[in-house]
Each structure stands twice: as structure tokens, then as C-alpha cells.
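Just the one chain here, laid out as C-alpha cells, in the form predicted alone.
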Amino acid sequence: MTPIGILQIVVYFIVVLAITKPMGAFMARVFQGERTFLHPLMRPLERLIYRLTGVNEDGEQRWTQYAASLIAFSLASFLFVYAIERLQGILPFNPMHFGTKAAPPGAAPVTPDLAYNTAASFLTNTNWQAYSGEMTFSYFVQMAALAVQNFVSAAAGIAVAVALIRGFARHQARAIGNFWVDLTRCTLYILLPISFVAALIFCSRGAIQNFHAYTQVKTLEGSTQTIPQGPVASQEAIKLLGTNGGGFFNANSAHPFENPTPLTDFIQVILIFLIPAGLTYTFGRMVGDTRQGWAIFAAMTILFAAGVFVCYHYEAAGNPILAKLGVESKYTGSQPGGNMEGKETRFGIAQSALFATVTTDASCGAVNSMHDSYTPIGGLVPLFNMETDEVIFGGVGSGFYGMLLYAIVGVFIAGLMVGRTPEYLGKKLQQKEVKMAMLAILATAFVILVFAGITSVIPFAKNGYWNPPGPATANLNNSGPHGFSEILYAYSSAPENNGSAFAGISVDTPWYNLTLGLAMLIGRFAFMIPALVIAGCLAEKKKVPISSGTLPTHDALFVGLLVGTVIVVGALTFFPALALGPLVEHFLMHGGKLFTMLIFPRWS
């Protein structure tokens, strides 16, 4: 690690810390229905939307009604996106004729299983991409389907987080808010304005924003090259702010049209944490004690700092095998320059490690480097980040309500230790709340481990056809523990609604499209619905007075308890799988063995 690299990470965190309070205070005002500086512009539009859709702005919902509205909206979104994907050949803004016989060579067809996977992906805020964006979808699909889902799926996640906050803040209440109002206000007052400004900044720094057909150019060697383009900057802004992550191009934020300069790279990682960090202060403000929000922020910060510096250290150290071959640095005994494989020279190791950590701390999934090319421990960090249920700042809403579920479990464990009924923010936590929190945590772990295990051993569909002699490893670029890590990463990314991948694995097959799509849906709603159940239960409870036996939930002891709960639950659940993947690969690498790309025979 270098002083400049460490300074980059420290400066990044200082900026995040500085914007947490103003962003959180603004969101609290929005969701409490208070006036903001955007009201003169947005309030008339908000009223018009309620009038056109028949939403009663003042009518609030119980948790069952809130959940029903969420599910109905999600189902409609899924069907809308699926239909547009399948019909793109007859829709406008398709200069490359995708979905027709006139499509350019190399264009990928949108099969039913791929359309299902993509619709589930963008509905759940995962943005897992089993396709190459610039060679699969038209501009209309990118804008009307995918970019729109980037807004509303993010808004739905934030709405659930706010509903859970109301559950803690309210006493003897039956309602937790109105889903349609929360969805509308989040989109109009938070996501749209910030995305608009961010898109302008990206355009000014060189990101592409047009509707031109792809350009054919002659290279210096005399060959022909196709340069894709399109409405990139507008989708780039919301993919990061909404922690969606889906790139317009297959290279995602490593592509110079999406991420032109080190400055835009820095802005992108700021956007990823902007709302998740702000929600911690929103929580403290809405429950009437900002110390509670800062305690959660502190727990998230400790986990973030540990991950980013572990990842940076191992990537800066590089590959020890190269050191043994005599090319090590004269002074450090490690690979000179560190592990630059799969990384953009524009960003370097420090910014790449920071981006990889931030994007997997949050449920974003955007990447500016190839995670498959990281060292074993460097790749372990983003993998473990996801397996903590994306609670280290997390996605827009999802990480925060996930951390609150861990807080409920942590307080319950503390209550067992001292023999008292657990309390959090003046609410007694009873059997139902703890069961719902554990259900959410266990559901995603079950999906990850079961699907990864099955996929590692069964014959499955390769290139669209069932081929019994062809095992799952036929779609891997690497053998041994690294190949297993590729499968484990894919099935961790999907239910945790992250969307990043090791990318050394071919996943556009019926098996992967169907199982990963199912994993995304389970991961999304297995956390949302229990969170809403808990919100409804807590809102109905009385607030109990603080006594000498009450566990303080705003001090260092609680922060340590919360961090320990996240680490212990994650370690106990996933340690065996991680031991078979990145951990054993790390020790084998130090023993002189690597796992490189393999060429598998065609099974007939």
C-alpha cells in the first residue's frame, strides 16, 4: 500500500461523512411530508401524479396493505419489462435493429429465459447482466425498461426502509405510511434531481449521451472497429445513485464512455454511498435520537474500513509466485506495482480496491475492474461483503433495513446474556420480531449455499441444451477453488441483489438464467416482507420507559455488539464454503499453484 492510495480512501470517507447529515436531514423532511427547497418545483407534479393515479395522499396503510401494494407494483414492473424486452424489434429507438434479422453480427437474441432473468434482475434492484448491453438491447429498452426500473426499484427499497423506521418511531399506531406516497416522493425529490445533476457532470467529463447508430471506424492497422454509443450518462447516474449497478456497456464502469476520468470514478463511489449513509441520520432524526443513527453509521464504518484495507493490502502485494520468479520489488519482496491484472491504469489499485469494496458493501454491483482477476483474499472481500446481507451501508434502503434486522438479533442475544427481555428504542422485542429477522437472514443464506452446491455438481444446461455429460464446470474459465469461487460469487450476488460477478463464468444458459432469477426474487422479498411485518408489530407497541437494566443502543458497546453479530453470523454461515474457495486458493497460491483458464472439450 502507498501513502497516496491510503489518502485516496481516507479522503473518500471524509466526503461521505460530510454529506451524511445534510442528506439524511433532507430525506427525513421528505418522508415526514415537510417542506423542502424542491417543493416549488416538485409539489405540483406530485399532486398531479396522485390525481392521475387516484392515490389518497393522506391515507395511510397497515403493513399488510403496504406489502400488498409493494408486491402488486413489483409484479406489474416485471411484466412490463419482460414485454418490452421481447418486443424490442418492433419498438422505436433501435438504430442497430436488435431483435430483428437486420441486427449486426454478434448481436445476442433475447430468449425467454434471458428476458425473465433480466426482468427479475432490474425489478429486484440487482441489475445482474447475463448479456452484453451494447449487443443485446435497443436504446428504448435501455431507457423505458431498464433505466425506469433503476429509479422505481431503488425507490421501493427506500420506501420499505422508511416504513420500518416508522415502526420504531410510532407508538400504538396501526399504520406505517403509504407505499405509493413514499415511492412517489422518493423518486421526485431524491432520485430524479440528484441523477439529473450527476448526469450533467458525467457528460461534462466525457460520458456519452446520444441516440446515434454505432460508428464504424478504421483503425491505424487498417481493420474496421465498431464503436457503440447511446444514452449512457443518464443511465450511469441512476445506476450508481440507486445502487443498481447495471452498465450500458459490458465493461460497466471500466468503460471510458461510462467512467471517463479518475474524477468521475470518485464521484461514482460517492453516489453509491450517498443515500445509504444518509439513511442512518434519517433514522436517528425520525426516531428522535440522532445518536442511534450515528451508532449504526459507526458499525457500518468499521466493517467498511476493515474490508477496503484488507482488499487494498492484498492487491497491492500482488502475486507471490511472481516474487519467487525473481521479479519482486527490491524493497518489498512482492510483485512490483501490485496486482494490476484486470484493472484500469486510469484508476490504479487503490481506486479499484475502493470501488470493489464500496460496490459490494452496497448492493450496487457496478465495477471498474475485473473481480475475477483479484488475488484470492482480494476477491474474498467483495464476496464476504455480499454474504453479510449487504448491510455494510448496503443498498438504498435494503442495507439499512437489513442492518436493523441484525440489530434486533444482536439486542436479542444481549438480552439472553443478561436474562432480560430485549428492548430496542423503547420497544420490547418479542418472539415474532426475532423470528422474522432470523427468517430474512437465513433465507438468503439458504439460497446461496443450496444453489451454489447444486450447480457445482449436477449436469446442467450448456448453451441452451441439457447435456448430462457436461458438468457445471463446463461454463467456468478457471478450475479448482477459483472455479468454485466463480459459482459461489454468482449465487451470492443474485439473492443479495448486488449484480456484480467474478465474470469468469458464462451464465447465459437456461439453468443459470432461471435459478439466478429465482434467487434474486427470493433475496429481495424474503427481506422486504419480514421487515414490513416487524414494522407493523413495532408500530402497535407502547414505548417502555428506560430503566437501569436497559441496554444502551447508542454507545461503543452496542456498536461492537452489532459488528460482532454481523461478522459471527456471516462467518458461521459461509466459512465452510469460503474455505473451499478463496481461502484454500490463497494457501495454494503461496504454495506455488495457480488456477488458470481451461479449455473444456465439447460434450456430445
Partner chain sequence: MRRQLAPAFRMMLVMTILTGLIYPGIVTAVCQIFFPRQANGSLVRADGRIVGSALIGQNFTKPEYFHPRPSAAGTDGYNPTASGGANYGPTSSRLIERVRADIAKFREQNPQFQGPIPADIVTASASGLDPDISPAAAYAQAPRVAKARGVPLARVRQLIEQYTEPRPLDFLGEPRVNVLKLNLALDGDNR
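Keep in mind it's a predicted model, so treat the numbers as computed, not measured. Positions refer to the first chain, counted from 1.
One more form of this protein should be noted, the form predicted in complex with its partner chain, which is absent from this view; the next part is about it.
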Since only the chain is shown here, I'm wondering whether residue 553 would be in contact with its partner chain in the predicted complex (any heavy atom pair within 4.5 Å). no
Would you please decide whether residue 573 lies within 4.5 angstroms of its partner chain in the predicted complex, comparing each non-hydrogen atom pair? no
Hey, in the predicted complex, is residue 174 touching its partner chain, heavy atoms inside 4.5 Å? no
In the predicted complex, is there a heavy atom of its partner chain that lies within 4.5 Å of any heavy atom of residue 338, even though the partner is absent here? yes
Is it the case in the predicted complex that 27, 91 and 428 each bring at least one heavy atom within 4.5 Å of its partner chain? no
Partner-proximal stretch of 280-288, 407-415, 430-438, 248-256 relative to its partner chain in the predicted complex, 4.5 angstroms, heavy atom: 248-256
From 449, 514, 443, 200: within 4.5 Å of its partner chain in the predicted complex by heavy atoms is 200
As a check of understanding, the residue in 195, 292, 509, 268 with any heavy atom within 4.5 Å of its partner chain in the predicted complex should be identified as 195
Judged by heavy atom distances of 4.5 Å or less, which residues of 562-594 approach its partner chain in the predicted complex? 585, 589, 593, 594
